[in-house]
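A lone chain, given as structure tokens: the form predicted alone.
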Amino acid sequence: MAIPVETFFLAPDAQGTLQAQIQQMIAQGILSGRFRKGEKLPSSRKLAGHLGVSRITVTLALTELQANDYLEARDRSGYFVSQNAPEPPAFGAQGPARDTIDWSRALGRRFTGGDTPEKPLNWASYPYPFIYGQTDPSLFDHANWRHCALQALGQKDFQSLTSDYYDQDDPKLIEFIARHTLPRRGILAQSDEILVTMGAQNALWLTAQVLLTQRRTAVIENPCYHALRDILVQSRCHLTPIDVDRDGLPPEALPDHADVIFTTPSHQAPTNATMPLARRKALLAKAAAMDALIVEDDYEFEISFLRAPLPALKSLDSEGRVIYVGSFSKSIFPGLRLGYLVGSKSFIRECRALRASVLRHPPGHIQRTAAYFLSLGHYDSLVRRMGQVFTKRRHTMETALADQGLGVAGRGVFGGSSIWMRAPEDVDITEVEPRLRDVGVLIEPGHPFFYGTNRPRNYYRLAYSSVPAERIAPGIELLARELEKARGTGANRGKSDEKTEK
């Protein structure tokens, strides 16, 4: 790799001859790790012209560095950083000599301190990765995704690849969402009622920014998707958590006044509870009485391999009160970061303007590739294949959990990709989780999903999307063993069987 000539500059207050300054500049680049072994330096002519010095001065400096084994010359190729050059120190690049800014006063707002989970980057190397939201490479349709990506790179789609859509989206992707995806959930929408987002989380952030102020009140489920709670805390709105039960969010527990209600009726996150049709209608009636809006996060609706899901809450809405959030990221692959918002035109118009001021629009090539993957039927085939595999894994996991006597707190009646678990109350999952990693088992502690300071620490989530069926039972056995150690005795093992589902 060639080092750009713009990387080189002489300090205006440098001491010594020009030749010495050039030698010091290059040597410091090597010692700091900026210039790496084997990288090619610019030619002496180009370097001299850039620095504004004579070529002979540069040549003498390079020759001296070669003699000191910092550089090596190759016939007709120029100078390269020598393989024998001194090794840079093991610390990172140095910043300013001292930071004089009082950042406690300079920062107008803080966004750290949330509950973003930490997952090992090498999670796939663990034999039992029961972590949520990861893709199993054995299930993904690499060939057809590659084919669609190449098709999107073709001359016919040059405009979609290179154009700046400003605040608009790929019309092919919008058309598929409007004509195929939403009708499956009982939703009819026009193109100006749909906005493509960078995943569901981005859709929830846009929604919170447009709808909430410091004087407004938002209702969330407890437990709930921790990233949503972080978004709402950052918005500085008033936050009211409502405990969910075995049917999800209970409308009768809602406060007398709320401005926005966030809910996951089809597949509650993380308990997997499904809200019955009668409760959905009651929730709509309660929201209408309060003149509140509802934000419906319909995640994982397509992974319904046990039976067909109920119609979306949005499909029952006759007043434009429900804002619908969907995503392709979980079903295709998480790194795709493609989701969508569906709502009234006035709402979508404001979200579109906010999105444009932050990121304009999701990359055109990604949108067009996804549009082809969806419209050519590859997406439906992928979902069917996932459903078949997940059915087997789900059955295997439920059998293993029953054999080990582990307490299940919630399982999706339609499918999904995870099971919500509850350990005995004297077990702190945050203490067990590191020991599980040591034996190759990855789980997701459940306390980040809860609101408040005294959050229960005996819940956890087990996903089966990335674990082959034959590894599930051995992994669950290791999990049960570590949980038993955490209890300190086996006398109360049977009590976990008595735990009832939410």
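Throughout, we count residues from 1 along the sequence that is shown. Remember, predicted model here, so these are calculated numbers, not experimental data. Whichever C-alpha set is largest while still superposing within 1.5 Å between the two forms counts as the rigid core.
This protein has a second form, the form predicted together with another copy of the chain, left out of what is shown; the following refers to that one.
Note on contacts: among 381, 116, 399, 83, the single residue with a heavy atom within 4.5 Å of another copy of the chain in the model of the complex is 116. Note on contacts: among 247, 350, 428, 72, the single residue with a heavy atom within 4.5 Å of another copy of the chain in the model of the complex is 350. Only one segment in the set 185-193, 385-393, 417-425, 401-409 has residues whose heavy atoms sit within 4.5 Å of another copy of the chain in the model of the complex; it is 185-193. When another copy of the chain is considered in the model of the complex, residue 333 lines it closely, a heavy atom lying within 4.5 Å. Contact annotation for residue 474: none of its heavy atoms lies within 4.5 Å of another copy of the chain in the model of the complex.
Using a 4.5 angstroms limit between non-hydrogen atoms, residue 161 touches another copy of the chain in the model of the complex. Proximity of residue 198 to another copy of the chain in the model of the complex: non-hydrogen atoms within 4.5 Å are present. Annotation for 354-383: interface residues with another copy of the chain in the model of the complex are 354, 356, 357, 358, 359, 360, 361, 363, 364, 365, 366, 375 [heavy atom within 4.5 Å]. Superposition of the core reveals a Cα shift of less than 2 Å for residue 447 between this form and the one not shown. Once both forms are fitted on their core, a CA shift of 2 Å or more is seen for residue 38 between this form and the one not shown.
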